[in-house]
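In structure tokens, one chain follows: the form predicted on its own.
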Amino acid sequence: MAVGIFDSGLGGLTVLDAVQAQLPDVPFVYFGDHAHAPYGVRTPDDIYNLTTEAVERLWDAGCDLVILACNTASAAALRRMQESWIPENKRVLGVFVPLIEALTERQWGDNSPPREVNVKHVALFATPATVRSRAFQRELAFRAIGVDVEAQACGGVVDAIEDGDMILAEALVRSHVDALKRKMPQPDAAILGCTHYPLMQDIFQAALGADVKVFSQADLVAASLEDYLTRRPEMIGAGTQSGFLTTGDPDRVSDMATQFLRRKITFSAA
């Protein structure tokens, strides 16, 4: 009955933490493609190929349902996967859906025409690949009109977080917020479009100002997954064991993950 969680690195652990708290009886298998991280600077074809390989590994581990806890993979690969690659008895879901549901206050199954929503000026902070894909703007346009989205590619932030250099990560976040505010001085809301960024949420909030509503993904994804599994319990796979898999050095990744979540995490070779 396991569910797979995939990310290129450690950022998806923020999602894992939230879904484990929301669904304590469900085993989760986490796959980190640390040998090829970060994805945010790769080409769409690279991202697609690496993501499909990782998802197949999670299917092999008994996870019929896989969550792409990686905005870059969700933006650059998911639509292509859903259109031509995923078999009928499997499911792969991304992290944009719960975010846009929350931002537009519309359920994903609501197929009525796009309409005006409360927010008008949205700041999107994401990796370069996610920004280039314009996937967030595309999905938002299906549901809302009159929303101005200003995207800021946050180069270097993921690398700094993965390296444990939070001083550099904070400096980079403040620099990227300053750059965005030169283009959009007064956003109504901000999207943290990378699962690494919740670790820096307080810094984003402080740099943006208290009047900007900051949307982060982990808790939104957890609530959405609980709702999905209530409606589709057959999508819980045959796997019964939780675990952590990596394409990188298991000892090094385990040490980084333990620091990342502040609890003991042990990865095995994928």
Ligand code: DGL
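When you see a residue number, it is the position in the sequence shown, counting from 1. This is a predicted model, so every value here is computed, not measured.
Same protein, other form: the form predicted together with the ligand, not shown, and the subject of what follows.
- The candidate spot formed by 8, 38 and 194 lies fully in contact with the ligand in the predicted bound form, as each residue has a heavy atom within 4.5 Å of it.
- The ligand in the predicted bound form comes within 4.5 Å of a heavy atom belonging to residue 158.
- Considering the ligand in the predicted bound form, the lone stretch of 199 to 207, 58 to 66, 38 to 46, 223 to 231 in range is 38 to 46 [heavy atom distance within 4.5 Å].
- In the predicted bound form, no residue of 249 to 270 lies within 4.5 Å of the ligand by any heavy atom.
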